[in-house]
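Shown next as structure tokens: one chain only, the form predicted on its own.
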Amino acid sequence: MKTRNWILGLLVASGLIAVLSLAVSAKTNPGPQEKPFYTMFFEYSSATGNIHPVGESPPVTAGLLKYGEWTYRGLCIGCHGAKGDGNGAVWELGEQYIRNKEHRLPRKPRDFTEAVFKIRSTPSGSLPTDLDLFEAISRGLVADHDMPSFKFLPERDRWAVVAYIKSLSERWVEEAEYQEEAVEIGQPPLPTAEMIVAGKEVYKQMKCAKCHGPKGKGDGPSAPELEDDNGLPIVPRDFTDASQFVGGSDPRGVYRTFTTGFDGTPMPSFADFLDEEQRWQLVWYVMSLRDDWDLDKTRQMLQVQTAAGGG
């Protein structure tokens, strides 16, 4: 615990040194009609512990990109690498020298130079939104035991990392005019026994059991052969355990996964194959596979959320 606190203290101190260095540089040469970075940066939210941002993102400037790079080098470079290509020392050395597979990373870290992301609110093949990246950094992929949560960082620091990550791939420039909007997800329909039966048929129709198994435990006949775009093994999600979901495990989150798919993996988008009603049927069937599933309690909870304006 003392070591962890010491490391965090060192990182915070490094961040402050970075800001002060930028402050000196900006004060010496602030640029025409440009607010000094150190003044602008501290006007934005420093909230911690939040997944969804509470304030606006700072404008992308040379200062913000530089600060994002410093933060990235302090916290992300070990896994994602100096070039952002996923070839960090934690990955490469682990594969070479750690014999016990349980102590290695379960999959190669994200290659930011390719800009292919699993967790998105945008259609398959599209770049994620800035909000998608912010929430992924904040939430982490803790279910897969590889990408930790960085919600302990001040919100403005996380926005700086988002800006820097986007500078590592040309896709953000080349596809700027073609960027698609986030998928709109309406109010979840109340689940019924009939809807779950219909969802089971959709599950069968889309051959979900080939990967996820007949009972959704991730043990389908194709599971041992599945690979991601890097040619590395990938394990299908166990639907019986909500804590194992890397995307949202709530009804809207599951619906979003079925709509957008996970780019870079065998998990496809069903947007072109299933209409909205069928996707909701599949959502409720998959959620009904959970060990703690209770139809009546789920209906009551959803009704309360809807009445409160949540959903």
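Residue numbers here begin at 1 and follow the sequence given. Just so we're clear, the structure is a prediction, and the values are computed from it rather than from any experiment. Note that the rigid core is defined as the largest set of C-alphas that superpose within 1.5 Å between two forms.
Note that the form predicted in complex with a small molecule isn't included here; everything after this is about it.
Exercise. Quick one: is Gly55 in contact with the small molecule in the model of the complex, heavy atoms, 4.5 Å cut-off?
Worked result: No, Gly55 stays farther than 4.5 Å from the small molecule in the model of the complex.
Problem set entry | Interface membership of Lys108, the small molecule in the model of the complex, 4.5 Å heavy atom rule | Although the small molecule is absent here, Lys108 would touch it in the model of the complex, with heavy atoms inside 4.5 Å.
Exercise. Does Thr257 reach the small molecule in the model of the complex if we count a contact as any heavy atom within 4.5 Å?
Worked result: Yes, Thr257 sits close enough to the small molecule in the model of the complex that at least one of its heavy atoms falls within 4.5 Å.
Exercise. For Ile234, is any heavy atom within 4.5 Å of the small molecule in the model of the complex, or not?
Worked result: Answer yes; at least one heavy atom of Ile234 falls within 4.5 Å of the small molecule in the model of the complex.
Exercise. Every residue in Ala136, Leu141 and Gly248 with a non-hydrogen atom within 4.5 Å of the small molecule in the model of the complex?
Worked result: Each of the three qualifies.
Exercise. Against the rigid core, is the Cα displacement of Tyr67 between this form and the one not shown at least 2 Å?
Worked result: Indeed, Tyr67 is displaced by 2 Å or more.
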